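This document starts with one chain, in the form predicted alone, laid out as structure tokens.
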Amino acid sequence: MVTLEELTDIAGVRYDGVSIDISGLNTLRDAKKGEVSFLENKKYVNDLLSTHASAVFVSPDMAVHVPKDIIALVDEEPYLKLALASKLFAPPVMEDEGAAEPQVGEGTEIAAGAMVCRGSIIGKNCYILPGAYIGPNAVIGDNTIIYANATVYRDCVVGSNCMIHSGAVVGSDGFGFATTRTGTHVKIYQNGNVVIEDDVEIGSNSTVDRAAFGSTLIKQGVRIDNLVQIGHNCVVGEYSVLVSQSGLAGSTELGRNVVMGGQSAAAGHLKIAPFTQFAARAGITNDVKESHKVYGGFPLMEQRSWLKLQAKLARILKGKS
């Protein structure tokens, strides 16, 4: 908990108003009383009008839209100011000695060389293999296997009947930063977590980034192959399948039973309809609203059309040779 004066001092924004306590940062849509948010893109102005945040970093041209009961922290670079303030809420890298000893359920085996940090909770009948790391305040459900050298960062949640294979990382920082006008990159501390529901398998050397605020969510029954990247604040719907080298940029949401072929990728802040399939190397740059279709290529189109286009191009090239 910090005061708004402390926060604005760190961020470099002038504030001479009433002193209030601030508990954290959040999006306009999810912010609660006592939290600070930001608005830089005018397409989110409707979220500003309905937010429950106590204060908002906002550009001068957007300040007029701030509701009267919310404190406007006006600056030319609101996203940068949010980045500077985010460090205030970053948890310690190592938990202090005052944290509780780990809780380990009946029948769980923790191999020599595994690291289980203070404050963590591990369910019944789990296996934590050599070199695995379970961070502070992480929670692991029953009957889950964390294979050798897999990592579950602090505050993350892994459900029951899951498998996290060797080299996988759950909860590393999302790729978030603000860039100053002189080109310097300022880290946005990723103060959320990852929540993995039951019956999820994550392949070797795959990464699931923690959220900037809130949670990155992997829903029940998802299957993630080796070498898959899932960005911060993504939602992967139930029973979806992500094949090797596929990737999701931050804040993209997949419906249930989405299949992404090898090396396919989605840009950020997209919504993908349930029961959609993407062929290998498909490039997704816009929302996909229709279910039960197969897409491919870049720019993205229905896979059948993509294959016809490639056949026509091959004939044209053949005719010129």
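Numbering starts at 1 and runs along the sequence shown. The shown structure was predicted, so the numbers you read here are calculated from the model rather than taken from an experiment.
One more form of this protein, predicted in complex with a further copy of the same chain, exists but is not displayed; see below.
Between the options A212, V195, A72, A150, the residue in contact with a further copy of the same chain in the predicted bound form by a heavy atom within 4.5 angstroms is A150.
Proximity to a further copy of the same chain in the predicted bound form, taken as a non-hydrogen atom within 4.5 angstroms, holds for one residue of G268, P274, G34, G283, which is G283. a further copy of the same chain is not drawn, but in the predicted bound form it has a heavy atom within 4.5 Å of Q263.
Remark: S246 counts among the residues lining a further copy of the same chain in the predicted bound form, judged by a heavy atom distance of 4.5 Å or less. Taking the partner from elsewhere, S204 is found to have a heavy atom lying within 4.5 Å of a further copy of the same chain in the predicted bound form. Shown alone here, R256 lies within 4.5 Å of a further copy of the same chain in the predicted bound form, counting heavy atoms only.
For the candidate spot formed by G24, G105 and K289, no residue has a non-hydrogen atom within 4.5 angstroms of a further copy of the same chain in the predicted bound form. Contact annotation for 287-314: residues with any non-hydrogen atom within 4.5 angstroms of a further copy of the same chain in the predicted bound form are F298, P299, M301, S305, W306, K308, L309, Q310, K312, L313, listed in sequence order.
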